[in-house]
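Consider the single chain below, provided in structure tokens and representing the form predicted on its own.
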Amino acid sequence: MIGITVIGSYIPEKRISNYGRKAEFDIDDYFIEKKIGVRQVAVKDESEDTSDLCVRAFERLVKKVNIDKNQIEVAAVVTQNPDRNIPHTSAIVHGKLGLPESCASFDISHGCSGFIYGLSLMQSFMRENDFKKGLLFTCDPYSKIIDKKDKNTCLLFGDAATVTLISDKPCYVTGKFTFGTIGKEYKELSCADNRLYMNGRAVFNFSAKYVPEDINSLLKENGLSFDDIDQFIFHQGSKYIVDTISKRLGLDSKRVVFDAYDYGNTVSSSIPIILEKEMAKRENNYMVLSGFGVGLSWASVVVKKFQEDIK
């Protein structure tokens, strides 16, 4: 059985406070705390690149679990902000970590739903090749492409990286996945000339419409009800988006996590940052993970604790 064993995450120490930018962008405390839900954003050091953040995440991982790097058979990096166009960032990470020459490496070009896509792709790849240990990295440092004067993006996005050990000794395993894409609206969240553009209203409308429908379909596909789920982990697009999705699904706020107050929307890393914490809680037997955004796309999955006595 292949599944999620443990997660390590790295969030840079440097922060930029949104409270200090209230006058510049004509915003107030209510906007910061209730709308975007981001008090400060994490920003990488200028000397750090995407691969460096991945290495930092791996350093956090090995503090939690002993890993023989010679046993790693595949390493993938989910990113749309790589070190460079050529080669793939996973090859650079592979070299910096000193992984074995027999280890496969590839990048997954995806954003907000990238962790869910990555889980499906990695597990399928590992099963097909009879692999037992793999590393799934996520890292999208948007500080590389953000216009510091763009209110729609600079107040929201933060830098971070995570790495998930996927192995034949899982703590959580995945159920069925659901996916979707509204490609005709890709321009609503895109990057051109190395500058990020986001139509916040369009992204909100997309998320509020499609994600609740997808969660209902996901539970039906997995033969589960809302009462079976202990925790819902949605992509941290903004507090308002997470709150709206929760209300449309009729969810108790205690079962929905918003955690991005002090580091921001970390794109593909937002879900695994939270999942790392939630996996440590004994009461979480079933959790729903749902990512949505860039594409415009979404992806969701149910993860369940790997125990024989769980449904």
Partner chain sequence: MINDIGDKLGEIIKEAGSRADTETLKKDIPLSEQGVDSLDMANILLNIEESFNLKIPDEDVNKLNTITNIVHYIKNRQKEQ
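In this text the structure is predicted, and so the values were computed from the model without any measurement. Numbering follows the first chain given and starts at 1.
Another form, the form predicted in complex with its partner chain, is not on view; read the next lines as being about it.
message: The chain here is shown without its partner chain. Which stretch in 269-277, 56-64, 282-290, 243-251 comes within 4.5 angstroms of it in the predicted complex, by heavy atom distance?
response: One stretch meets the cut-off, namely 243-251.
field: its partner chain: the contacting residue among 205, 181, 225, 217 in the predicted complex [heavy atom, 4.5 Å]
entry: Going through each option in turn, the one that passes is 205.
query: Just one of 149, 201, 132, 195 has a heavy atom within 4.5 angstroms of its partner chain in the predicted complex, so which one?
result: The residue in contact is 201.
task: Check whether residue 255 has any heavy atom within 4.5 Å of a heavy atom of its partner chain in the predicted complex, and answer yes or no.
output: Close contact is absent here: in the predicted complex, residue 255 is far from its partner chain, nothing within 4.5 Å, heavy atoms only.
field: Non-hydrogen atom contact residue 176 with its partner chain in the predicted complex at 4.5 angstroms
entry: Residue 176: no, not in contact with its partner chain in the predicted complex.
query: How about residue 261: is it within 4.5 Å of its partner chain in the predicted complex, going by heavy atoms?
result: Heavy-atom contact with its partner chain at 4.5 Å: absent for residue 261.
query: For residue 69, is any heavy atom within 4.5 Å of its partner chain in the predicted complex, or not?
result: No, residue 69 sits far enough from its partner chain in the predicted complex that none of its heavy atoms falls within 4.5 Å.
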